[in-house]
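Quick setup: one chain, the form predicted on its own, written in structure tokens, and binding and motion questions come after.
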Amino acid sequence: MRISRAGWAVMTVLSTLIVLLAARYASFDPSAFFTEQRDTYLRHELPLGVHISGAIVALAVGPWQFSARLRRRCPRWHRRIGVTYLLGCVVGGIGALLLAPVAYGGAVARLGFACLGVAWLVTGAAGLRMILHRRVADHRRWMVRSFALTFAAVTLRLLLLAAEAAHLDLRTSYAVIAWLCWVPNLLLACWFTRAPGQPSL
């Protein structure tokens, strides 16, 4: 479950860029909103604010939990960042569930984002439960899976850019991306964190 320095750097840079991009939404400036969702966001500013604030925190601090040096040299800070990360996931996940019923892209997209919100909350809760029971290896596995779902904020935007570059119909592609932004992430995380001796997924 170790991550290379290059992989960690790419993950951290991409996460930080999306944090900076998403921070514009916190200003509630309509010009910063996703055009197709602008009117919806204006009618649902509270759940939008809840989701954005939690997701920004989780995405900003999440990569630092993968720093072996931080865990080894500053375990207290690792725990503090972990608590902050989980709080961000809880707040962001609740906001995601509140926003899912009004997501752009129709019923398929709404179901995709709702499932993402549930999976985000479940993996975070499992990670917390494991560490409270001192099952450190299992805790790490679940937290990798949790961050794979947090990282959906990054893959969502990368996939939207790819769809735009390919001149795909936005509404149709958005419904597909609502699933592609997190399901492959989670499957890869489960594969990489499988227990020794277990078969590949």
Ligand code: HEM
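If you're wondering where the values come from, they're calculated on a predicted model, not measured in any experiment. Throughout, we count residues from 1 along the sequence that is shown.
Form predicted in complex with protoporphyrin IX containing FE: not shown, discussed below.
A.B. asks: With heavy atoms only and a cut-off of 4.5 Å, decide whether residue 153 touches protoporphyrin IX containing FE in the predicted complex.
C.D. replies: Yes, contact at 4.5 Å.
A.B. asks: Report yes if any heavy atom of residue 51 sits within 4.5 Å of a heavy atom of protoporphyrin IX containing FE in the predicted complex; otherwise report no.
C.D. replies: Output for residue 51 is yes: heavy atoms within 4.5 Å of protoporphyrin IX containing FE.
A.B. asks: Is there a non-hydrogen atom of residue 143 within 4.5 angstroms of a non-hydrogen atom of protoporphyrin IX containing FE in the predicted complex?
C.D. replies: Contact with protoporphyrin IX containing FE, no.
A.B. asks: At the 4.5 Å heavy atom threshold, is residue 82 in contact with protoporphyrin IX containing FE in the predicted complex?
C.D. replies: No - in the predicted complex, heavy atoms of residue 82 and protoporphyrin IX containing FE never come within 4.5 Å of each other.
A.B. asks: Using a 4.5 Å heavy atom cut-off, indicate which stretch of 40-48, 62-70, 165-173, 134-142 touches protoporphyrin IX containing FE in the predicted complex.
C.D. replies: It is 40-48 that comes within 4.5 Å of the partner.
A.B. asks: Is protoporphyrin IX containing FE close enough to 14, 159 and 179 in the predicted complex that each of the three has a heavy atom within 4.5 Å of it?
C.D. replies: Checking in the predicted complex: none of 14, 159 and 179 is within 4.5 Å of protoporphyrin IX containing FE.
A.B. asks: Using a 4.5 Å cut-off on heavy atoms, what residues in 107-137 are near protoporphyrin IX containing FE in the predicted complex?
C.D. replies: The stretch 107-137, when checked against protoporphyrin IX containing FE in the predicted complex, contributes 113, 116, 117, 120 at the 4.5 Å heavy-atom cut-off.
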